[in-house]
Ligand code: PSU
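Here you get one chain, nothing else, as structure tokens; it is the form predicted alone.
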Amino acid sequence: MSTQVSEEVREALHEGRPVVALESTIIAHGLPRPRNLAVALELEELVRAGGAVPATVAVVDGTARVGLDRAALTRIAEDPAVRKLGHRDLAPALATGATGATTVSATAWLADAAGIRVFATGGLGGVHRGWTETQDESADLRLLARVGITVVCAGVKSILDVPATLQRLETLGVTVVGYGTEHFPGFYLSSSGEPVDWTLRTPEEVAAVIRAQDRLGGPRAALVVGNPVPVAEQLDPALHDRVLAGGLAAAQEKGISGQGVTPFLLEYLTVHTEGASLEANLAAVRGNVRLAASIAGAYGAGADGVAAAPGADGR
């Protein structure tokens, strides 16, 4: 694979210093211009403030890049022709010289291949509502069953079928833990209402789990760390439920299906919450980036972790 790891990231990995991977779809397709570039730079600075090296991932002119310089980051943010790339799109993008922003699946794949152990994002993709009729499921899930990376996220996008997504992750052997919570986060909301089996409360505990995965060996799979957005910064739950119901009805009325559903609903939420959903999303991403930097630092330090606390069901 034609992959270029930046000198800063390469040196940090060689020296055993903490590195945090960041996806680029939020830059190219998740935020309005010019705020998207400002947020991209802010997230990288949050990683640095946490003592780690940021590695934003994208494909530029047919080269997969792990760690972007300012020029590449600006291009991903400002060029309207930038494509959205899942891991299935990487080979065609590299072969045709395309430029694209990487989703969770593509970022996790490239970061894992580069030797990065921690990745921060907003929310994962998952099983879509009405799966029994559409069989629509994000490629994120299967890919996370194949890479040994820790993904810090605010759960899965709340427009999805969260219980079905958690069941799918269990089937695929992907470990899911809550960070400081006994319930899986709800993306815009602090809680989805779904319990988690394991709760971890410090970066050192998460790092201890990563090291335990290393010792166990066997089939590789991701560790998903569900980090809830603070209650004070979440989207109002009543507003969320009301607007989401309206968005689902509007999507059905317009005949929107398949890959078109998620961007339609996310845009619908942004418009009909007057931007409040976007602010909750950004609050979640910032928190995830800070936590990911702390986890990467704790893992690199090699300190002994404390045993994980059982979740709400006592297992």
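Sequential numbering from 1, following the sequence displayed. All figures in this text were calculated on a predicted structure; none of them were measured in a lab.
The following text describes the form predicted together with ligand PSU, which does not appear among the structures shown.
With the partner left out here, ligand PSU still marks one of 115 to 123, 192 to 200, 235 to 243, 177 to 185 in the model of the complex; by a 4.5 Å heavy atom cut-off that stretch is 115 to 123.
Site annotation in the model of the complex: the residue of T165, T103, N227, T150 reaching within 4.5 Å of ligand PSU with a heavy atom is T103. Distance criterion of 4.5 Å from any heavy atom to ligand PSU in the model of the complex singles out K84 from the list K84, R75, R146, H87. When ligand PSU is considered in the model of the complex, T270 lies well away from it, no heavy atom lying within 4.5 Å. Ligand PSU is not drawn, but in the model of the complex it has no heavy atom within 4.5 Å of G247.
Ligand PSU in the model of the complex comes within 4.5 Å of a heavy atom belonging to T262. Interface residue remark: A64 is not counted as part of the site for ligand PSU in the model of the complex, having no heavy atom within 4.5 Å. Contact annotation for 269 to 296: residues with any non-hydrogen atom within 4.5 angstroms of ligand PSU in the model of the complex are N281, V285, listed in sequence order.
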